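First, one chain by itself in C-alpha coordinates, the form predicted alone.
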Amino acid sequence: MSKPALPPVSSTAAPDVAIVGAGVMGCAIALRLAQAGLAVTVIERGIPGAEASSAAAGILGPQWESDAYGPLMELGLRSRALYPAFVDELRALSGIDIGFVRSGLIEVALTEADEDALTTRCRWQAARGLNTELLSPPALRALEPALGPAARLGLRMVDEGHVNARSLARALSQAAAIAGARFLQGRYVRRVVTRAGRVSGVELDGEILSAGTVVLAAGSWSSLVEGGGVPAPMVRPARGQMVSIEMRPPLFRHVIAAHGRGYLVPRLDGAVLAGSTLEMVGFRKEVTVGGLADILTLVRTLVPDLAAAPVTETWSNFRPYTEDRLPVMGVTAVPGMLVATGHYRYGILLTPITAQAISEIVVKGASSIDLSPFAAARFGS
(Lines give C-alpha, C1' and ligand atoms only; values in the text may rest on other atoms or scores of the structure.)
Protein backbone atom coordinates (compact mmCIF):
# COMPACT_ATOMS: atom_id res chain seq x y z
CA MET A 1 0.00 0.00 0.00
CA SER A 2 1.22 3.52 -0.75
CA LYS A 3 1.78 5.92 2.11
CA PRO A 4 -0.96 8.51 2.66
CA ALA A 5 -0.05 12.00 1.47
CA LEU A 6 1.35 14.21 4.19
CA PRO A 7 -0.03 17.73 4.69
CA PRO A 8 2.07 20.73 3.70
CA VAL A 9 3.76 22.76 6.42
CA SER A 10 1.07 25.00 7.81
CA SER A 11 1.15 28.75 7.05
CA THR A 12 4.51 28.47 5.29
CA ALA A 13 4.81 29.37 1.63
CA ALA A 14 6.85 26.88 -0.39
CA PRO A 15 10.38 28.25 -0.80
CA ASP A 16 12.61 27.94 -3.82
CA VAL A 17 15.31 26.42 -1.61
CA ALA A 18 15.14 24.53 1.67
CA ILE A 19 18.39 24.42 3.66
CA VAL A 20 18.78 21.75 6.32
CA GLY A 21 20.95 23.11 9.12
CA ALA A 22 21.49 26.63 10.46
CA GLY A 23 25.16 26.50 11.31
CA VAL A 24 27.57 28.87 9.63
CA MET A 25 27.36 26.88 6.36
CA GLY A 26 23.59 26.85 6.16
CA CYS A 27 23.25 30.51 7.16
CA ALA A 28 25.97 31.70 4.77
CA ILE A 29 24.37 29.82 1.86
CA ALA A 30 20.96 31.21 2.87
CA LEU A 31 22.38 34.73 2.87
CA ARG A 32 23.82 34.41 -0.63
CA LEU A 33 20.65 32.83 -2.05
CA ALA A 34 18.37 35.41 -0.42
CA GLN A 35 20.59 38.16 -1.83
CA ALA A 36 20.08 36.57 -5.25
CA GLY A 37 16.33 37.00 -4.86
CA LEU A 38 15.35 33.41 -4.06
CA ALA A 39 12.86 32.39 -1.39
CA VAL A 40 14.87 30.46 1.20
CA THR A 41 13.80 28.52 4.27
CA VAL A 42 16.39 27.29 6.76
CA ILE A 43 15.33 24.40 9.00
CA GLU A 44 17.09 23.97 12.34
CA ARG A 45 16.23 21.56 15.14
CA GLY A 46 17.85 23.81 17.76
CA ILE A 47 19.22 27.35 17.85
CA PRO A 48 20.98 28.66 14.72
CA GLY A 49 24.73 28.32 15.08
CA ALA A 50 24.55 26.76 18.54
CA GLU A 51 26.30 23.49 17.73
CA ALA A 52 29.72 22.97 16.11
CA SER A 53 29.78 26.46 14.58
CA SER A 54 29.83 28.21 17.94
CA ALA A 55 32.12 25.60 19.50
CA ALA A 56 34.95 26.17 17.03
CA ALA A 57 38.19 27.99 17.80
CA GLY A 58 37.75 30.13 14.68
CA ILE A 59 41.24 29.66 13.24
CA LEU A 60 41.74 30.76 9.63
CA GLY A 61 44.75 28.60 8.92
CA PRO A 62 44.94 26.93 5.52
CA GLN A 63 48.75 26.85 5.62
CA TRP A 64 48.81 25.36 9.11
CA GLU A 65 46.19 22.75 8.26
CA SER A 66 47.96 21.46 5.13
CA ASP A 67 50.73 18.89 4.93
CA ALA A 68 50.93 19.25 1.14
CA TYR A 69 49.53 21.48 -1.57
CA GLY A 70 46.25 20.13 -2.91
CA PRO A 71 42.58 20.95 -3.53
CA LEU A 72 41.79 21.54 0.14
CA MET A 73 44.65 23.99 0.63
CA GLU A 74 43.79 25.81 -2.58
CA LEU A 75 40.17 26.12 -1.45
CA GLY A 76 41.30 27.29 1.98
CA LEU A 77 43.62 29.94 0.59
CA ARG A 78 40.86 31.28 -1.65
CA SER A 79 38.43 31.37 1.27
CA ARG A 80 40.93 33.10 3.57
CA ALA A 81 41.37 35.79 0.92
CA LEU A 82 37.59 36.43 0.99
CA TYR A 83 37.49 37.09 4.74
CA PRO A 84 38.37 40.81 4.97
CA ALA A 85 35.50 41.79 2.65
CA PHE A 86 33.25 39.13 4.22
CA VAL A 87 33.85 40.61 7.68
CA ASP A 88 33.00 44.12 6.50
CA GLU A 89 29.86 42.89 4.76
CA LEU A 90 28.59 41.08 7.84
CA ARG A 91 29.25 44.10 10.04
CA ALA A 92 27.31 46.32 7.64
CA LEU A 93 24.40 43.86 7.38
CA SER A 94 24.08 42.68 10.98
CA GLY A 95 25.92 45.28 13.06
CA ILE A 96 28.02 42.46 14.57
CA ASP A 97 31.81 42.52 14.59
CA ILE A 98 33.10 38.95 14.32
CA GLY A 99 36.53 39.68 15.81
CA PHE A 100 38.61 39.10 12.70
CA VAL A 101 42.37 39.39 13.36
CA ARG A 102 45.16 38.64 10.93
CA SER A 103 47.34 37.70 13.87
CA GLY A 104 49.64 35.27 12.15
CA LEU A 105 50.15 31.73 13.38
CA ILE A 106 53.30 30.21 14.84
CA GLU A 107 53.58 26.43 14.78
CA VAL A 108 56.21 25.21 17.23
CA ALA A 109 58.26 22.05 17.28
CA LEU A 110 58.51 20.18 20.57
CA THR A 111 60.60 17.26 19.27
CA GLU A 112 63.31 16.63 16.71
CA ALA A 113 60.76 14.95 14.44
CA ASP A 114 58.60 18.09 14.69
CA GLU A 115 61.57 20.20 13.60
CA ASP A 116 62.00 18.08 10.48
CA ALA A 117 58.29 18.36 9.68
CA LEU A 118 58.25 22.15 10.07
CA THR A 119 61.39 22.54 7.96
CA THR A 120 59.78 20.49 5.19
CA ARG A 121 56.55 22.48 5.42
CA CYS A 122 58.42 25.77 5.22
CA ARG A 123 60.33 24.61 2.16
CA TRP A 124 57.33 23.56 0.05
CA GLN A 125 55.16 26.48 1.14
CA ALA A 126 57.90 28.98 0.31
CA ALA A 127 58.30 27.32 -3.10
CA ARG A 128 54.59 28.01 -3.64
CA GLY A 129 55.12 31.69 -2.85
CA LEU A 130 53.37 31.53 0.53
CA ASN A 131 54.42 33.87 3.31
CA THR A 132 56.24 31.67 5.82
CA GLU A 133 59.51 31.64 7.75
CA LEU A 134 61.41 29.41 10.16
CA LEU A 135 62.23 30.93 13.56
CA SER A 136 65.21 29.87 15.64
CA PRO A 137 64.65 29.70 19.43
CA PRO A 138 65.99 33.26 19.94
CA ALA A 139 63.89 34.63 17.07
CA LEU A 140 60.86 32.72 18.33
CA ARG A 141 61.12 34.21 21.80
CA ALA A 142 61.82 37.66 20.44
CA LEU A 143 58.34 37.52 18.87
CA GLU A 144 56.62 35.66 21.72
CA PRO A 145 58.62 35.92 24.97
CA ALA A 146 56.04 33.94 26.96
CA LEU A 147 56.68 30.71 25.04
CA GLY A 148 58.05 27.95 27.23
CA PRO A 149 61.48 26.35 26.92
CA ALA A 150 60.06 23.22 25.26
CA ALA A 151 59.60 25.13 21.97
CA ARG A 152 62.64 24.16 19.87
CA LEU A 153 61.76 25.80 16.54
CA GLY A 154 58.96 27.88 15.09
CA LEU A 155 57.25 28.19 11.73
CA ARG A 156 55.57 31.57 11.32
CA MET A 157 52.73 31.95 8.82
CA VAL A 158 51.97 35.65 8.91
CA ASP A 159 48.80 35.65 6.77
CA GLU A 160 46.86 33.28 9.02
CA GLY A 161 44.31 34.65 11.49
CA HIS A 162 41.19 33.94 13.48
CA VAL A 163 37.63 35.08 14.14
CA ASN A 164 35.20 34.75 17.03
CA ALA A 165 33.17 31.74 15.85
CA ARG A 166 30.19 32.49 18.09
CA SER A 167 29.98 36.04 16.77
CA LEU A 168 30.29 34.73 13.20
CA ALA A 169 27.38 32.36 13.73
CA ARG A 170 25.20 35.15 15.16
CA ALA A 171 26.16 37.59 12.42
CA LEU A 172 25.37 35.11 9.65
CA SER A 173 21.97 34.10 11.04
CA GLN A 174 21.02 37.75 11.53
CA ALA A 175 22.27 38.80 8.10
CA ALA A 176 20.44 35.93 6.39
CA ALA A 177 17.19 36.82 8.16
CA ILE A 178 17.58 40.50 7.27
CA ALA A 179 18.17 39.50 3.64
CA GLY A 180 14.84 37.64 3.65
CA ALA A 181 15.65 34.04 4.58
CA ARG A 182 13.04 32.37 6.80
CA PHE A 183 14.02 30.17 9.74
CA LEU A 184 12.01 27.20 10.99
CA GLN A 185 13.42 26.40 14.44
CA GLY A 186 12.70 23.37 16.57
CA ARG A 187 11.86 21.26 13.52
CA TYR A 188 13.51 17.97 12.66
CA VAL A 189 14.02 16.98 9.02
CA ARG A 190 13.28 13.27 8.78
CA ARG A 191 13.88 12.78 5.07
CA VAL A 192 14.30 14.42 1.70
CA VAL A 193 11.26 13.94 -0.51
CA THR A 194 11.58 13.15 -4.21
CA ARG A 195 9.04 13.01 -7.01
CA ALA A 196 9.64 11.73 -10.53
CA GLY A 197 13.34 11.30 -9.82
CA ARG A 198 14.11 14.77 -8.48
CA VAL A 199 13.86 16.62 -5.18
CA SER A 200 10.46 18.01 -4.25
CA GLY A 201 10.99 19.01 -0.61
CA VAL A 202 11.60 17.70 2.89
CA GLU A 203 9.49 15.95 5.51
CA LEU A 204 9.30 17.68 8.88
CA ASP A 205 7.61 15.81 11.71
CA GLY A 206 4.76 14.51 9.56
CA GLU A 207 4.48 17.58 7.31
CA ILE A 208 5.97 18.29 3.90
CA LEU A 209 7.82 21.49 3.05
CA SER A 210 7.89 21.68 -0.74
CA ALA A 211 11.04 23.06 -2.37
CA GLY A 212 12.58 22.75 -5.81
CA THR A 213 16.08 22.60 -4.31
CA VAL A 214 17.32 21.16 -1.01
CA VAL A 215 20.75 21.89 0.46
CA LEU A 216 21.92 19.55 3.21
CA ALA A 217 24.23 21.50 5.55
CA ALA A 218 23.63 19.68 8.81
CA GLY A 219 27.26 19.01 9.75
CA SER A 220 27.79 15.85 11.79
CA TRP A 221 24.04 15.20 11.73
CA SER A 222 23.89 15.09 7.91
CA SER A 223 23.92 11.29 7.80
CA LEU A 224 20.74 11.17 9.91
CA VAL A 225 18.66 12.75 7.13
CA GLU A 226 17.17 9.99 5.03
CA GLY A 227 17.61 10.55 1.30
CA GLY A 228 20.13 13.34 1.79
CA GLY A 229 22.88 11.52 -0.08
CA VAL A 230 25.20 11.40 2.96
CA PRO A 231 25.17 7.90 4.50
CA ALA A 232 26.73 7.40 7.93
CA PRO A 233 30.10 6.04 6.73
CA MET A 234 30.59 9.20 4.65
CA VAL A 235 30.25 11.82 7.40
CA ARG A 236 30.38 11.03 11.11
CA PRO A 237 30.91 13.01 14.32
CA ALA A 238 34.40 13.59 15.69
CA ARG A 239 34.23 15.01 19.20
CA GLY A 240 36.53 17.86 20.12
CA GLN A 241 36.90 19.26 23.63
CA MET A 242 37.83 22.90 24.27
CA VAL A 243 38.86 25.12 27.18
CA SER A 244 38.53 28.88 27.59
CA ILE A 245 41.09 30.61 29.81
CA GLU A 246 41.10 34.21 30.97
CA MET A 247 44.35 35.98 30.06
CA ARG A 248 45.10 39.29 31.74
CA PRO A 249 47.30 40.95 30.65
CA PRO A 250 47.79 39.47 27.17
CA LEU A 251 50.82 37.16 27.07
CA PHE A 252 51.02 36.49 23.32
CA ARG A 253 49.43 37.71 20.11
CA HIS A 254 49.93 34.98 17.50
CA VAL A 255 47.86 31.83 17.34
CA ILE A 256 50.26 29.25 18.82
CA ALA A 257 50.04 25.67 17.58
CA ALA A 258 52.10 22.67 18.66
CA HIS A 259 52.85 20.48 15.67
CA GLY A 260 50.36 17.61 15.58
CA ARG A 261 49.01 18.35 19.06
CA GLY A 262 46.85 21.41 19.68
CA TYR A 263 46.66 25.19 19.74
CA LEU A 264 46.07 28.39 21.67
CA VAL A 265 44.01 31.23 20.19
CA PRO A 266 44.31 34.70 21.83
CA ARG A 267 40.99 36.43 21.34
CA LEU A 268 40.39 40.18 21.37
CA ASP A 269 38.15 39.86 24.45
CA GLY A 270 41.05 38.56 26.55
CA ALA A 271 40.10 34.89 26.38
CA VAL A 272 42.46 32.16 25.21
CA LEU A 273 40.81 29.21 23.51
CA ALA A 274 42.78 26.00 23.96
CA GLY A 275 42.12 22.76 22.16
CA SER A 276 41.43 20.27 20.94
CA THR A 277 40.85 16.56 21.17
CA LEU A 278 39.86 14.20 18.36
CA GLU A 279 37.59 11.43 19.61
CA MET A 280 35.40 9.05 17.64
CA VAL A 281 32.75 8.43 20.32
CA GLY A 282 29.53 9.03 18.40
CA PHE A 283 27.19 11.77 19.62
CA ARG A 284 28.43 11.82 23.23
CA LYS A 285 28.76 15.51 24.05
CA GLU A 286 30.93 15.20 27.14
CA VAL A 287 33.93 16.95 28.64
CA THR A 288 36.25 14.37 30.15
CA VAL A 289 39.05 14.35 32.70
CA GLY A 290 41.44 12.86 30.15
CA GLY A 291 40.55 15.37 27.47
CA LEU A 292 40.98 18.35 29.77
CA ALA A 293 44.23 16.96 31.17
CA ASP A 294 45.72 16.65 27.69
CA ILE A 295 44.69 20.18 26.71
CA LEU A 296 45.81 21.84 29.93
CA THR A 297 49.14 20.01 29.91
CA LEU A 298 49.78 21.42 26.44
CA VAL A 299 48.76 24.90 27.64
CA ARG A 300 51.37 24.79 30.40
CA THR A 301 53.99 23.45 28.01
CA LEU A 302 53.45 26.19 25.42
CA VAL A 303 52.89 29.17 27.74
CA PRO A 304 53.89 28.29 31.31
CA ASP A 305 52.64 31.60 32.71
CA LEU A 306 49.08 30.52 31.92
CA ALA A 307 49.29 27.95 34.73
CA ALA A 308 47.87 30.50 37.18
CA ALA A 309 45.17 31.79 34.81
CA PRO A 310 41.53 30.91 35.56
CA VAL A 311 39.62 28.44 33.42
CA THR A 312 36.33 30.13 32.55
CA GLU A 313 34.54 27.56 30.37
CA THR A 314 34.83 24.05 28.98
CA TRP A 315 32.78 22.42 26.23
CA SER A 316 32.72 19.80 23.52
CA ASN A 317 31.00 19.39 20.18
CA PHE A 318 31.21 17.43 16.96
CA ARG A 319 33.18 18.11 13.81
CA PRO A 320 31.73 16.50 10.67
CA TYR A 321 34.50 14.04 9.85
CA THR A 322 35.28 12.26 6.58
CA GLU A 323 37.93 9.56 6.16
CA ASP A 324 39.90 11.59 3.62
CA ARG A 325 39.34 14.77 5.66
CA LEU A 326 37.89 16.60 2.68
CA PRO A 327 34.46 18.26 2.72
CA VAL A 328 31.48 16.91 0.82
CA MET A 329 30.17 19.68 -1.43
CA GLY A 330 28.14 20.16 -4.55
CA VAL A 331 25.47 18.28 -6.48
CA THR A 332 24.40 14.70 -5.86
CA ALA A 333 22.95 11.95 -8.05
CA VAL A 334 19.44 13.31 -7.35
CA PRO A 335 18.58 16.46 -9.31
CA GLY A 336 17.89 19.38 -6.97
CA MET A 337 19.76 17.79 -4.05
CA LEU A 338 22.96 19.58 -2.95
CA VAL A 339 25.28 18.95 -0.03
CA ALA A 340 27.62 21.19 1.97
CA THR A 341 28.95 19.15 4.87
CA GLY A 342 31.96 17.20 6.12
CA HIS A 343 34.11 20.29 6.65
CA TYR A 344 35.80 18.74 9.71
CA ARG A 345 38.21 21.32 11.26
CA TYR A 346 37.95 23.75 8.35
CA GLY A 347 34.33 24.85 8.65
CA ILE A 348 34.91 28.42 9.81
CA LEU A 349 37.72 28.91 7.29
CA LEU A 350 35.66 27.54 4.37
CA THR A 351 32.39 29.32 5.14
CA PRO A 352 32.57 32.15 2.55
CA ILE A 353 33.91 29.99 -0.29
CA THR A 354 31.34 27.24 0.37
CA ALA A 355 28.50 29.76 0.31
CA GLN A 356 29.80 31.15 -2.97
CA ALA A 357 30.14 27.74 -4.60
CA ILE A 358 26.76 26.34 -3.54
CA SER A 359 24.85 29.53 -4.34
CA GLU A 360 26.42 29.65 -7.80
CA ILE A 361 25.20 26.12 -8.50
CA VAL A 362 21.68 27.00 -7.42
CA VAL A 363 21.49 30.35 -9.21
CA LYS A 364 23.64 29.75 -12.30
CA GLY A 365 23.62 25.98 -12.64
CA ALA A 366 27.37 25.63 -12.11
CA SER A 367 30.10 26.86 -9.79
CA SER A 368 33.14 28.85 -10.81
CA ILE A 369 35.06 26.70 -8.30
CA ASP A 370 36.08 23.14 -9.17
CA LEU A 371 34.24 21.01 -6.62
CA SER A 372 35.06 17.64 -8.18
CA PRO A 373 37.60 16.71 -5.44
CA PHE A 374 34.83 17.21 -2.87
CA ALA A 375 31.98 15.42 -4.65
CA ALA A 376 29.91 12.88 -2.73
CA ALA A 377 30.44 10.50 -5.66
CA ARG A 378 34.03 9.89 -4.54
CA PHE A 379 32.69 7.58 -1.83
CA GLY A 380 30.87 5.40 -4.38
CA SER A 381 27.24 4.42 -4.17
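Since we're looking at a predicted model, the values are computed, not measured. The first residue of the shown sequence is 1; numbering continues from there.
If you look for the form predicted in complex with a small molecule, you will not find it shown, but the lines that follow are about it.
Asker: Of the residues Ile106, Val189, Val230, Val272, which one places a heavy atom within 4.5 Å of the small molecule in the predicted complex?
Answerer: Looking at the other structure, the residue within range turns out to be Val189.
Asker: Using a 4.5 Å heavy atom cut-off, which stretch among 46-54, 66-74, 31-39, 326-334 contacts the small molecule in the predicted complex?
Answerer: That would be stretch 46-54.
Asker: Quick one: is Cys122 in contact with the small molecule in the predicted complex, heavy atoms, 4.5 Å cut-off?
Answerer: Answer no; every heavy atom of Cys122 is more than 4.5 Å from the small molecule in the predicted complex.
Asker: Is there a heavy atom of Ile256 no more than 4.5 Å from a heavy atom of the small molecule in the predicted complex?
Answerer: Although the small molecule is absent here, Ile256 would stay clear of it in the predicted complex, with no heavy atoms inside 4.5 Å.
Asker: Does the small molecule get within 4.5 angstroms of any non-hydrogen atom of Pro352 in the predicted complex?
Answerer: Result no; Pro352 lies far from the small molecule in the predicted complex.
Asker: Do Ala218 and the small molecule come within 4.5 Å of each other in the predicted complex, heavy atoms counted?
Answerer: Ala218: contacts the small molecule in the predicted complex.
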